[in-house]
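Listed next as structure tokens: two forms of one protein chain, kept apart as structure 1 and structure 2.
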Structure 1
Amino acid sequence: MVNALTPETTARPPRPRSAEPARTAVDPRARARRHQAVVAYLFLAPVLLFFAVFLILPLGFALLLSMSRWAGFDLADIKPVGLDNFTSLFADGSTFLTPILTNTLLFALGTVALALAGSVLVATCIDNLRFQGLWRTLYLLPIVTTVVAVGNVWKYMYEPGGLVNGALNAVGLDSVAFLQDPDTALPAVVVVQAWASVGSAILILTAGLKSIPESYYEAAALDGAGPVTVFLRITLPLLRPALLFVCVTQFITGLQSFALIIVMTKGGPGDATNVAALEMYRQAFSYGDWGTASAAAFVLFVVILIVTLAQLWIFRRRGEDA
């Protein structure tokens, strides 16, 4: 009997694996987002470069100078001194805290108080008059006029034979040496700064008044509310955002004021009208002490930051309580 031999089954060799790595699917949306981000940064590049050159680099250099001694000529002469410039500003005998920084705060506070009160009053009156565009244009003229022209005109008006003293003499009062008397020099400059800044505040407050719905005033009239009640209960509360903007911007402008003071009084008589910005100018360009000037600049920055945050907190608290 012959046994039939069954053919042996041969195992197939394994298929060689592909040497190419497996391709991962790319999300077209992610690719589109990356493309949009690249395009956006390309458009932002000029602005970012501008801020880097004219903001970040000067800020870093000012920080370096605030902790150094430098006469303003050769960069190799910069000598680190640590916090000596800051301590010298508040040392005994220094005039930076009193009267310079005190004058700065009083100047800004007086300017904001006068400008805010005047702009609210004038904006409310303009809102009830005809030819409102004409009146707003007239009050805007001091803004487009250069500070040098405004300062010189008011300087002559404050002279003993000027318009202001002429008006005082007309009502039987004696002449006042406004810019020569240490007691009246700072208030006199405050009045000019407030007068010059009323125009911009009026524009903002007028826009805020236009945004108040007339239905509120109609309802108040039906309830028999008087003008004072309407102003205190409706106009002022609804003007709070515009008032906040005007208050913050005017305070910052007052703390940084420099040109008007140097035109009208040059900081005198004595240090009666000397403010922080003017002192920084003197330390840098008159005395060649750029380190002290930079330190004073950072101190003023901290003061502006604290005052601004305080104003925001006060207005936010009043808004929550209202």
Structure 2
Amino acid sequence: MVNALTPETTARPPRPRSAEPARTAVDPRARARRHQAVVAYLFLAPVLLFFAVFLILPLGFALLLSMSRWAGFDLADIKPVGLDNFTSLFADGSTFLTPILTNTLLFALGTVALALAGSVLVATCIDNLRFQGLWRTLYLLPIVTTVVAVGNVWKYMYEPGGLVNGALNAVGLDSVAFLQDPDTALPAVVVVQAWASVGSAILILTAGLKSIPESYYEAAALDGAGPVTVFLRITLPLLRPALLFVCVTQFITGLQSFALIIVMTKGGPGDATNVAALEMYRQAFSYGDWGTASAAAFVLFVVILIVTLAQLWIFRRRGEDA
């Protein structure tokens, strides 16, 4: 990029003499502009080079792989197969649609619902309290902790001799084999993902809450509105931009996540906690099937795109109604 621009400033043929007066009048500014463009591209060179090698090239390559059969490292062995990888993902007997893609959506929906409910509740409550910074710091601890730590601690807490079952036993309930039972495994992982993401949601909602003018609340108090009315009529509608941001980002994170699942259940028991990103990872790095894995990655990418656009659309329509 830089080299394409530099010759213009250096290797310019000399102009005829008659043009001289005009050039001295215009040139300094034009030259300064050109100079600034060259400098700008120099400043951007590392970034553009990186994007070319680690963004554009991989995207094209992944697309190529998704339409090929290839299980090695020799580029000459790539065999084009058209849309075979995609059709086999959706063929009868394939586990991709159910349970894997269904699990992915349930996982994302569950974490968004839990994290959103928890963070709205806690963020509005913290806003009423003293030592707000202290509370928010506490809630942030999970998100600065590696997924390996979060996953292992919760996996241990879910075990028959762990903390969660200890609490159940203390109130007279029987132990539950949370991660070994196909019915409870997915909800159990959802709780952990929500637990880990509440902190950042609280921060963003807090920023939204702070931007609501105090005078609205004073006016509502004068009108004798109760706390529930105030919350539903003032806080919630004015919090909508922050809620939208939390919703969309958490949903995308939910659809993409699998590190926590690798650490906690490896997708099991059976396929009970298997999700699309994990399936992609396994196809690629356990079975060496780059083609199927890339196809799965693109399908998931499209799902994420659709879900995100749908969310933005729904929120915008609600905005017009209100």
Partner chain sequence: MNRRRFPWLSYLLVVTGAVLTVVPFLDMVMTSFKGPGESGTLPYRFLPEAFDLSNYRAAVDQLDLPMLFRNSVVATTLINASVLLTSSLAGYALAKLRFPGRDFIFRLVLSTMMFPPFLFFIPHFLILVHWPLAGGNDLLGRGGAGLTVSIVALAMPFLVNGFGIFLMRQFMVSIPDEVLEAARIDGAGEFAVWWRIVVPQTKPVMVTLGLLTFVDAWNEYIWALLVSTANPDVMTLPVGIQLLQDYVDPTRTMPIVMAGLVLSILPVLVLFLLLQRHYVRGIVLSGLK
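Take the two forms, find the largest set of C-alpha atoms that superpose within 1.5 Å, and that set is the rigid core. Structure 1's sequence is the ruler for residue numbers, which start at 1. The model shown is predicted, which means the values in this text are computed figures rather than measured ones.
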Students should recognise the form predicted in complex with its partner chain as structure 2
Yes/no, L57 Cα shift of 2 Å or more between structures 1 and 2 with rigid core fixed: no
Core-aligned, does S286 move its Cα 2 Å or more between structures 1 and 2? no
Aligning on the rigid core, do we see the C-alpha of K266 shift 2 angstroms or more between structures 1 and 2? no
Just grab the Cα shift of Q36 between structures 1 and 2 for me, core aligned, in angstrom. 4.6
L48: Cα shift between structures 1 and 2 after core superposition, Å, came to 2.4
